[in-house]
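One chain is shown next in structure tokens, namely the form predicted on its own.
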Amino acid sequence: MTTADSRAERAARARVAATRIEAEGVDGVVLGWVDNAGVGRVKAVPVRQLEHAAAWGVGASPCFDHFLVDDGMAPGGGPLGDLRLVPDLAALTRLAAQPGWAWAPVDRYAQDGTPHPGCQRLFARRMVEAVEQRGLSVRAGIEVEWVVNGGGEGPAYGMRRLIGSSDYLRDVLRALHEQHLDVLQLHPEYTTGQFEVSVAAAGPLRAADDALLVRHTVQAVSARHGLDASFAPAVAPGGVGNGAHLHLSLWRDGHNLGHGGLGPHGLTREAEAFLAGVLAELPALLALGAPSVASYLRLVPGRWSGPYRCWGLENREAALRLITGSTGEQANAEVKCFDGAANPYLAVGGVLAAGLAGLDGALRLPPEVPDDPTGSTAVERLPDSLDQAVKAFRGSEVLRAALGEELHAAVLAVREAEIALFAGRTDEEIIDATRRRY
């Protein structure tokens, strides 16, 4: 970002990309990022301005680092300063459900071209690079759950509900396919109007980008069908909310380290240490992966939301579910306690940081919980409020060091401000205030 050559190279790539997508009927390009409250924010440029945007960036205030879910601002935000939004052209995608538009995620830089220390996507990129420096790689995928009004009555996972929404879901599949997203599954979920889509695993940064692109696409298709899609963690008092389960596997030299080893259920020692690091940091990671006051209306026992700080083979009530798969290469772990309010870059980057700490400490997993832990006093609960998660986050040296002081402080400020914002509100009031923000 700092040299004339890199700026010229970006401009040249953008010039080619703009010519291509303009020929495909694109008029404008959405430049997207996600703030620390988990809300997607955007600016847009005409397609003929993409070259300039790629070379010089588009201005945006750093105050977005302190935005809250209600568009208020936590202490530390203000009117001063400016950043540059630089689109990642490798992820540029024509939006199938928004004719005339394309989308690209952005990295954020200071005016002098240095990386903005508060950029969540650059944080995730740093963690990916830290993994790669060890000769390792991670493949990841984020399941996307959502609820739509008028999404059809019928039993959970039922054909009746699929039939009632078949035209809508067909258009979701078509749009995702046109955007070159490899859909693995699409099905009705538990609660009325709830659906889930899974796309193929990718590198962690790409997985976070894909999760955003899936959500944008679902929202656009829903709007065209007169529906309102919500990815919020809680959509009805006492009901099942929307998760954003993170699947990941650790690889070395083309081999999945989740099988063929001497650890539990065939884990190699590296994979076990990585997962043990994630489990050790889970209370603090909730401040990144379950970041809303509303998250804790979902994260309760008996709903398979992963509210227990334990792991188990195919245990859907455990926060960390081990999946061996039908073949060894499919082995992965699922972090079940994350939800749709999470900034995916913070969630992915935080998990990678925790896993690396587990590798550094050669950690081992605690004993497996093979049974349903619901109601058990012997199995530790994860934090049951954002306040408790924030206390763990504040005390985590692993996440503080990985995020850096500026990003860590901004996340902390937003979490504390939202705790104060929703203090004393009923569950219904919290849901009403957050349901249409995600």
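Sequential numbering from 1, following the sequence displayed. Please read all numbers here as calculations on a predicted model, not as lab measurements.
Although it is not shown, the form predicted together with a small molecule is what the next lines describe.
Only one of the listed residues (Asp210, Glu270, Glu281, Glu145) places a non-hydrogen atom within 4.5 angstroms of the small molecule in the predicted complex, and that residue is Glu145.
A heavy atom within 4.5 Å of the small molecule in the predicted complex is found for exactly one of Glu189, Asp88, Glu329, Asp228: Glu189. Taking non-hydrogen atoms only, Gly241 approaches the small molecule to within 4.5 angstroms in the predicted complex. A residue is said to contact a partner when one of its heavy atoms sits within 4.5 Å of a partner heavy atom; His245 meets this definition for the small molecule in the predicted complex. Interface residue remark: Arg309 is not counted as part of the site for the small molecule in the predicted complex, having no heavy atom within 4.5 Å.
The small molecule in the predicted complex is approached by Trp304, whose closest heavy atom lies within 4.5 angstroms of it. Annotated contact segment (heavy atom within 4.5 Å of the small molecule in the predicted complex): 194-202, selected among 283-291, 74-82, 194-202, 131-139.
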